[in-house]
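The chain that follows stands alone, in the form predicted on its own, written as C-alpha cells.
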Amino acid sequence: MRAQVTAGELAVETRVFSVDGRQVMLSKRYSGRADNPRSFAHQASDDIVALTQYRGVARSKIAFTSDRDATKPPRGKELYIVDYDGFNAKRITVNNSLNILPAWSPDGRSLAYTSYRQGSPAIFVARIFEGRSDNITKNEGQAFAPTFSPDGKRLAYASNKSGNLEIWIANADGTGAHRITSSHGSDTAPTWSPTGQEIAFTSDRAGSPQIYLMDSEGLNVRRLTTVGNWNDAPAWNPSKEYSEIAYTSRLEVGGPIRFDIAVVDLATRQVRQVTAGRGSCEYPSWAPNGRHLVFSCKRGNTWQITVSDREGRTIDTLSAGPGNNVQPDWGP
C-alpha cells in the first residue's frame, strides 16, 4: 500500500499479491479529500475481504442509544451512529427524551426506533439523509422494538393497541398495521428471518421470557429456547450460510443477576455461549455478513458497545464515546 498527498488530495494505491502464485489479486487506487484517510482504509479493507467471497463490513455503521448528552435527571437518551470500529460518532436525535431500540433499514437510509418524545412510547422512522422523523404508529397504544423486513417494505413491532402486548406488522410508512399474535402473555422484540418468511420473538406466555418462532403471518408458533430461565432480544443471523439466532440469556441461576449473549442453532437446537465473565451483556445484533456480533456489556458502572466474532473467541470493546452506550444495531 502506498499513499501520497497532493494539493489537499489523498491518493492511496493498494495491491494484494498471491503468495503461492506471485500474481496480483487486487490493484486499486483510491483518491479524495485528505482530511478523512480512514475512509480509504475502510474501502480498501472491504475490497480485500471481498477476495475471500465474503462481504466486508469496514464501511458499515452501528446505531446505538446513549445518555452521554443528558444534563440532568431524569436522564434522556438519544440515538447515535458510529463506524464499525467505534469512531466518528454522530448524533441522530435531538429531542431530550427517551429514544431507544434503533433498527436499521436494509438500505441504510433510515432508522426505526422507539421514542417517548410525544409522551407515550411510539415507533418513529428517522430519514437520516432528509433530517426528519415520522411517528408511524400515531400514538395508538404503546409501541416498542421495531424491526425492518429484509426487503425494507414492512416493519414488525410490539404494541398494546389491542390491549395486550402483541406483535404487529405494518408497511414501512405505518399503513396497513395488523396484529399477528394473540396470547395471554406479552409478545415483543420481533426479528425477521433472512427470507422474510419467519419471525422470532420474545414471549412470557409460558412464564419466563423465552424465544419463539412463527411464520410471518403469525401461524405455526413454536418455542425455540429451553436453556436458560430468561431469554430475550433475539437477532436472526442475516447470512444464509448460518441458520442461527443470537439472544440475551440468563444461563446461570443463583448469585447476582447477569445476562450473557447466546446463539442457538436452528437445525440442532444446540446453544453456544458467546460471552462469559464480562459483566452483563445484552441486545445482540449481527454484522451484515453474519460473521460478527455487536452487543452492549456492563463492566463496573458503565455500559459499552462490544464486538465479537460469532463464536466469541475474540471480543473487543469499542471506543464509541462517553456515557452509557446500549442497544446497538449493526447496519449496512
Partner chain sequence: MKRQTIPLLLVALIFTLGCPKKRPPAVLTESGQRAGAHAPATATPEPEPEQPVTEGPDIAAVPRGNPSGEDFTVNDATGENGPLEDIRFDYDKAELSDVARATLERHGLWLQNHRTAKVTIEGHCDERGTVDYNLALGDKRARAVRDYLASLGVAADRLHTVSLGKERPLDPANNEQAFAKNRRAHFVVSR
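Positions refer to the first chain, counted from 1. Everything quoted here is computed from the prediction, not taken from an experiment.
FYI, the form predicted in complex with the partner chain isn't displayed, but the following is about it.
- Checking 135, 171, 239, 142 against the partner chain in the model of the complex, a heavy atom within 4.5 Å turns up for just one residue: 142.
- 101 is the sole member of 101, 235, 155, 111 with a non-hydrogen atom within 4.5 Å of the partner chain in the model of the complex.
- Using a 4.5 angstroms limit between non-hydrogen atoms, residue 94 is distant from the partner chain in the model of the complex.
- Put simply, residue 165 is close to the partner chain in the model of the complex: some heavy atom of it is within 4.5 Å.
- The closest non-hydrogen atom of residue 87 lies beyond 4.5 Å of the partner chain in the model of the complex.
- Proximity of residue 191 to the partner chain in the model of the complex falls outside the 4.5 Å heavy atom cutoff.
- Relative to the partner chain in the model of the complex, residues 225, 275 and 308 are all farther than 4.5 Å at every heavy atom.
- Residues placing heavy atoms within 4.5 Å of the partner chain in the model of the complex fall in a single listed stretch, namely 182-190, out of 147-155, 213-221, 127-135, 182-190.
- In sequence order, 116, 119, 120 are the residues of 105-120 having a heavy atom within 4.5 Å of the partner chain in the model of the complex; the partner itself is omitted from this view.
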